[in-house]
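Quick heads-up: it's one chain on its own, the form predicted on its own, in structure tokens.
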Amino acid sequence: MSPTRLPFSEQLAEASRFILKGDYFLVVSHVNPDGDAISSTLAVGEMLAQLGKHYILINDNSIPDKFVFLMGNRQIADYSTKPQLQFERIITVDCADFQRVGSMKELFTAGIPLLNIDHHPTNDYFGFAQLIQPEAAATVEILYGLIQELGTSWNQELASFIYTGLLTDTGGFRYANTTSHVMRIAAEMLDHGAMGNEIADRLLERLTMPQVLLLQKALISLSFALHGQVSWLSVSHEDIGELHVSNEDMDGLVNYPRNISGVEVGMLFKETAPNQFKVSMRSAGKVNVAEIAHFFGGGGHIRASGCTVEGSFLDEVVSKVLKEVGRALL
């Protein structure tokens, strides 16, 4: 494996050859999949179907309910159900590193060719072939180029998948990664029949009751440090269990501290197990939170990253993370 980055046109050609040479594919995205991961998985499935390939779409977790409407007659298998699998090649989408596939890594035996398609700057270039563009707002933006390279056809479903990944990974076209190229692709997807208003309503507007109740509890924990430049919320394992909260119910919670005027870094500390906390970080632009996440063994983007930190109690974990954020703010 070499981290040498080929020009994007050469990566596209290599990815196209990888797909055209195979017949049976396993398509995998990262654990706890978000909008870009799910829509990228579905988009690759549609591309393979049009090319007459056999494929299985799979994830280490079940798909959040709010994304089911996108799937139509497709299915993204839950690996925990131990489905029957037949494949000769693997395509990973939106996985910043090999560990992000979760327990499915046991399937990735030596000798099976793997195509790594991703947009995270922390990607470690795993796999036989790579299609990686850190400048892309979402993995679906890269897939847009691959669709053109392969010459597959646009339809309403494929357009909706690409639109969904762009919408969710740009925060509804509000984040700094919303480029003119992103907007041109989004407009083209609407022309191809993407359900823009329905997608936005279902994925950005609607709230579940557990989500609202969790927000109510979390806001009580709102804290500040470093002269108001850092703010965070925390959620205990007990709160998660008591309110029957799913991972998707916690979507967007980290944006509440981040959106406060004067805050440079907003964080969410989620207790996932005894002595273990998942930390989500969002930056206003001054701090590269991907570097902080990487320090703790995580990764992500310059403005949106995450990691898992161990500690005997919340204050200990907060202190560890604040120390690194403080260094980044100097």
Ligand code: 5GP
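Throughout, we count residues from 1 along the sequence that is shown. Predicted model, so just to flag it, every value in this text is computed and none were measured.
One more form of this protein exists, namely the form predicted in complex with guanosine-5'-monophosphate; it is left out here, but the text below deals with it.
- Contact with guanosine-5'-monophosphate in the model of the complex, judged as any non-hydrogen atom within 4.5 angstroms, is confined among 204 to 212, 94 to 102, 155 to 163, 256 to 264 to 94 to 102.
- The shortest heavy atom separation between Leu70 and guanosine-5'-monophosphate in the model of the complex exceeds 4.5 Å.
- Proximity of Ser280 to guanosine-5'-monophosphate in the model of the complex: non-hydrogen atoms within 4.5 Å are present.
- When contacts are judged by a 4.5 Å heavy atom cut-off, Gly45 does not count as touching guanosine-5'-monophosphate in the model of the complex.
- Taking the partner from elsewhere, Arg89 is found to have every heavy atom lying beyond 4.5 Å of guanosine-5'-monophosphate in the model of the complex.
- In the model of the complex, guanosine-5'-monophosphate lies within 4.5 angstroms of at least one heavy atom of each of the following residues of 291 to 330: Gly298, Gly299, Gly300, His301, Ala304, Ser305, Gly306, Cys307, in sequence order.
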